[in-house]
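Just the one chain here, the form predicted alone, laid out as structure tokens.
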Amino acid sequence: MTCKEGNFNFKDKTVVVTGSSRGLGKEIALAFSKAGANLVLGSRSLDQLHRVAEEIKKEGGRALPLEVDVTDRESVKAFADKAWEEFGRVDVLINNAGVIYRAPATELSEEQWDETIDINLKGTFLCSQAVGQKMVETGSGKIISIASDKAFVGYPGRAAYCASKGGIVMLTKALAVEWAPYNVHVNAVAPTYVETEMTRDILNDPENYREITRAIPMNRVSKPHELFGAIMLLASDASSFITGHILMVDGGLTAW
């Protein structure tokens, strides 16, 4: 079954993707567009969002680029309201916006800690709250957050990032339990390193690549398209009895 057939057909559905101006968020948005969805693109980088929207429109899709600061409640509320105004519904929210600082815990600044928690964890909550409220009112919806293998495995130099992604895991479970009676499914996907423009510098260093893949039984990192099946499963009707689940896409890293 391809993403354009059966349960993986998103024609006329509306998908919101935060952090979609580049990297993994952009790739996720493009994949949903190819599967027939209308896209609402969110980021602080509006110029880059417009370029992604144009790419989608050239392929015959529909995309609404909107500037949003996921750490600001009013900005997020306006973002969610505009999505509903444009398309009349939101079927899927992908919480992808995130940031990472690589520094020893003894050197990590308070500002870096605060920014990481604010964007990764608070941002995921605020977007889930704003969109989830409307989903609860309408009685349906899918929320999928991008967690990480680092929510389960401690990494040196990633204290704030690990903490933020661990928080996303428990937030996912809490929202899933609270909103299950309203047919709103809340799940997460937890990848390991993914080859995108944002990770290229790290992965292009042979020593870094060897160190990263040493802990992955499949002995490599993920390509963006290898996450699409997991994300689209959780976004589709095929996952109608799945909620509160964290789907690992990590090449076996957490199976050790």
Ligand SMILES: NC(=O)c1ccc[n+]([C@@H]2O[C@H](COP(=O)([O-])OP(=O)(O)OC[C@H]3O[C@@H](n4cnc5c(N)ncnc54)[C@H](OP(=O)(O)O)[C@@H]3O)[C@@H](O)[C@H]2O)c1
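Everything numeric here is computed off the predicted structure, so don't read it as measured data. So that there is no doubt, residue numbering starts at 1 and follows the sequence shown.
Quick note: we don't show the form predicted in complex with the named molecule, though the next part is all about it.
Asks: Taking 4.5 angstroms as the heavy atom distance cut-off, pick the stretch from 180 to 188, 157 to 165, 135 to 143, 83 to 91 that is near the named molecule in the model of the complex.
Replies: Only one stretch passes the 4.5 Å heavy-atom test: 157 to 165.
Asks: Which one, V68, V40, I231, A37, lies within 4.5 Å of the named molecule in the model of the complex by heavy atoms?
Replies: Comparing distances to the named molecule in the model of the complex, the residue within 4.5 Å is V68.
Asks: Quick one: of A53, V194, A31, I216, which gets a non-hydrogen atom within 4.5 angstroms of the named molecule in the model of the complex?
Replies: Only one listed residue qualifies here, and that residue is V194.
Asks: Is V131 part of the interface with the named molecule in the model of the complex - any heavy atom within 4.5 Å?
Replies: No, V131 is distant from the partner.
Asks: Report whether the minimum heavy atom distance between I212 and the named molecule in the model of the complex is within 4.5 Å.
Replies: The answer is no: I212 has no heavy atom within 4.5 Å of the named molecule.
Asks: So in the model of the complex, does any heavy atom of R62 sit within 4.5 Å of the named molecule?
Replies: Close contact is absent here: in the model of the complex, R62 is far from the named molecule, nothing within 4.5 Å, heavy atoms only.
Asks: Check G244 for me: does it contact the named molecule in the model of the complex (non-hydrogen atoms, 4.5 angstroms)?
Replies: Contact with the named molecule, no.
Asks: For the stretch 11 to 33, I need every residue with any heavy atom inside 4.5 Å of the named molecule in the model of the complex, listed N to C.
Replies: Going through 11 to 33 in order - heavy atoms within 4.5 Å of the named molecule in the model of the complex - the hits are G19, S20, S21, R22, G23, L24, G25.
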